[in-house]
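In the form predicted on its own, a lone chain appears below as structure tokens.
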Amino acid sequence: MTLMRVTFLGTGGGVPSISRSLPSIAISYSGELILFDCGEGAQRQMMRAGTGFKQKLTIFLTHLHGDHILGLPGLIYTLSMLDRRHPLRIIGPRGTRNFLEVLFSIRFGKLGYEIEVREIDGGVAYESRDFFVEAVDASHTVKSLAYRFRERNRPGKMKVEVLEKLGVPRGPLWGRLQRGETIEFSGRIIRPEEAVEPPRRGRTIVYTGDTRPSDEIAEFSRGADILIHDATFGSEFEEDAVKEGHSTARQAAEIALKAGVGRLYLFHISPRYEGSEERLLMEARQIFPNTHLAEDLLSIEVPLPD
């Protein structure tokens, strides 16, 4: 099993608080490190969390509000000071390239590596051998994206009893069947569907960034193992949430329930709840019991689906 780990580097919103840094989430998987958003001090949080600065590092930006992007200058410069040579990939909505061009015009330090920038409107944002990342519009006050990290389906389990009965020895022939190839053994044609169970679905993580609750986000999150959803406010500020393009904890729970996700993590917590975040958690758990409050440096392993 390939380990998949989610680390919350910063879980606050707007401005940092005593206990919460600004938005940034790290996913470590298959030798790659994925960052969703890059709030101030992200590189220090990465050091504290022990995520490392992997060569294969891709940063996905949800939108260009300061609390989600102003950690980029520090992280970019830190990577250069650490003698990085491998290109850094940054993916975000329209305007990302212009923001970085303005940033580099300041000449805050020499970079020893290239930065690859890609602007997207939605759809597949990035693909690797083992996973892909997709994007969809979120409902915020500016162009904003939500992201879905999806592990590719895993091969089905071998039908051991069938193969042993046929006398097919373990080894390359089993591997070919599991890869979907038809084989011939002892004069008999054996097709994959005879010897291999259906593919097993991969793990899925959805990160909404800043968003009002929406049917699009609910559908995008359907069946996800983990949903990390904007929960800036409690229900007492629902009107403010609508106006400012955010969600309440209760609304996040309603999306989780509608989407049938495994676990919900409340994220982007307003500093007004410093020391009283449990109010948000209790509000959400009344609707979706498997709700958790994201905390800075909380690190969780995502288990394989049953």
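Here the structure is a predicted model, which means the values were calculated and not measured. Numbers follow the displayed sequence, beginning with 1.
Omitted here: the form predicted in complex with another copy of the chain. The next part is about that form.
Against another copy of the chain in the predicted complex, the set R20, G71 and T78 is in full contact: each member has a heavy atom within 4.5 Å. Judged by heavy atoms within 4.5 Å of another copy of the chain in the predicted complex, the contact stretch among the candidates 166 to 174, 180 to 188, 104 to 112, 130 to 138 is 104 to 112.
Interface residue remark: L64 is counted as part of the site for another copy of the chain in the predicted complex, having a heavy atom within 4.5 Å.
Although the partner is absent here, E277 is not a contact residue: none of its heavy atoms lies within 4.5 angstroms of another copy of the chain in the predicted complex. Using a 4.5 angstroms threshold between heavy atoms, R48 counts as touching another copy of the chain in the predicted complex. The closest non-hydrogen atom of Q43 lies within 4.5 Å of another copy of the chain in the predicted complex.
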